[in-house]
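What follows is one chain in structure tokens, specifically the form predicted on its own.
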Amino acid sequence: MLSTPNARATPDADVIIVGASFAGLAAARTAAMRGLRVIVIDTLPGPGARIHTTGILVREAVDEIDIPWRLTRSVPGVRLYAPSLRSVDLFAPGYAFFTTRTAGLLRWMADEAEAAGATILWNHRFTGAGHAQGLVRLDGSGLTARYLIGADGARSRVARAFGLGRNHRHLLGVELEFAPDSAVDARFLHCFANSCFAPGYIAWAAPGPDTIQVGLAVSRGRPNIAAFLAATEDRFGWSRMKVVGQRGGIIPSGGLVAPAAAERVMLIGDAAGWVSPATGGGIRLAFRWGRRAAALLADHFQCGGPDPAEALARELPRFRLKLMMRRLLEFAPPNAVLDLVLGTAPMRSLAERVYFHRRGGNGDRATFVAWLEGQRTAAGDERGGPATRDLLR
């Protein structure tokens, strides 16, 4: 349990959050809304600088917080490609992925946190911290708080400073942003299974609000996006498109870190391993559990609630099945096997469950095809044909 602070010590904040990440900003807004004095520090010069994430949201992430529509693009289907580039289209009525103006989304979240009362200090590096007079004191700045939250990514400095658990297993990803092009059907998140250029994971092409996001991640070695572009050039014609941006980073894939907390200190987000080992998705978890961590902290300080880190640990998902799936994916089956099984009915059903969770595999396929064709027509594309006929196979 937490020790009682010295009554003579006056902290600068109730909580200092290191990292203006998705998890950090979600926690900051909730903590401030609950009446806590919140300071967020980040090394970046401002929100949305140096993006290291695709910013692709699952439906459940959008359900967690109300994101302005202008920052997103709805993508209702998934087109899954075998190594031969034979594809199958997947859907779940009422479900969609949402690509985002990622920098804009982080700026909006920072604005929301500040509007709630949080203070954000940019260009402020965390170099270490310790305990003093029942508070946490940051090295260098001398800022003090009753509690410290590390939301500073997969290579957390907070974790190192307090000897907490670290992420030891990662996926390494890279992504290019291309100017919009009609070669990428905007109704689908295009996903490519190929053990040669994306061992242990997938490659993707995602129609964003302003760009086409094209990338891949690997569980071993270094990602070779040039090999992916070359393998799919005939289908998409990447060479004629203009590259307008690029990003890259690591994705934790080993599940929750342990320990994730110490006295008056807690890790959240990527720092805590809040990422699905199977899919690499972590933004929904950052939204949901970042908010929950802040709520538990407020309950602890204001209502005598339990230790927030201990309470949160009892609620977090354990990823047991997804860790098993990660181990299976690490085998990276030969492309010949992927070509053989990817279009089968059992594999289609499994893929829909992976992509769409409980909603996968439900609904009338023909009705959805008609709806997709309507979306194509509304966008001014009358081609129709195989893009939607494949859904009926």
Ligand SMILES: Cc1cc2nc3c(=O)[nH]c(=O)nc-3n(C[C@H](O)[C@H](O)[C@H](O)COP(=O)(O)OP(=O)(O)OC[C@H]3O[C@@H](n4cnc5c(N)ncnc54)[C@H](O)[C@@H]3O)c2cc1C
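For every residue, the number given is its place in the sequence shown, counted from 1. Computed from a predicted structure; not experimentally measured.
What follows is about the form predicted in complex with the ligand, which we do not show.
Engineer: Contact between F126 and the ligand in the predicted complex at 4.5 Å, heavy atoms?
Structural biologist: Within the cut-off, so yes.
Engineer: May I ask you to check whether V275 falls inside a 4.5 Å heavy atom distance of the ligand in the predicted complex?
Structural biologist: Residue-level check for V275: yes, a contact with the ligand.
Engineer: R137 versus the ligand, in the predicted complex: is there a non-hydrogen atom within 4.5 Å?
Structural biologist: Taking the distances in the predicted complex, the answer for R137 is no, it never comes within 4.5 Å of the ligand.
Engineer: At the 4.5 Å heavy atom threshold, is I283 in contact with the ligand in the predicted complex?
Structural biologist: Yes, I283 sits close enough to the ligand in the predicted complex that at least one of its heavy atoms falls within 4.5 Å.
Engineer: Name the stretch, out of 53-61, 349-357, 332-340, 31-39, where some heavy atom lies within 4.5 Å of the ligand in the predicted complex.
Structural biologist: Of the stretches listed, the one contacting the partner is 53-61.
Engineer: Could you spot which one of L316, I250, C196, L85 gets a heavy atom to within 4.5 Å of the ligand in the predicted complex?
Structural biologist: Going through each option in turn, the one that passes is I250.
Engineer: Out of G255, G173, G77, G208, which one falls within 4.5 Å of the ligand in the predicted complex, going by heavy atoms?
Structural biologist: So the residue touching the ligand in the predicted complex, by this definition, is G173.
Engineer: Mind listing which residues of 139-173 have a heavy atom within 4.5 Å of the ligand in the predicted complex?
Structural biologist: Counting only heavy atoms within 4.5 Å of the ligand in the predicted complex, the contacting residues of 139-173 are A151, D152, G153, R157, G173.
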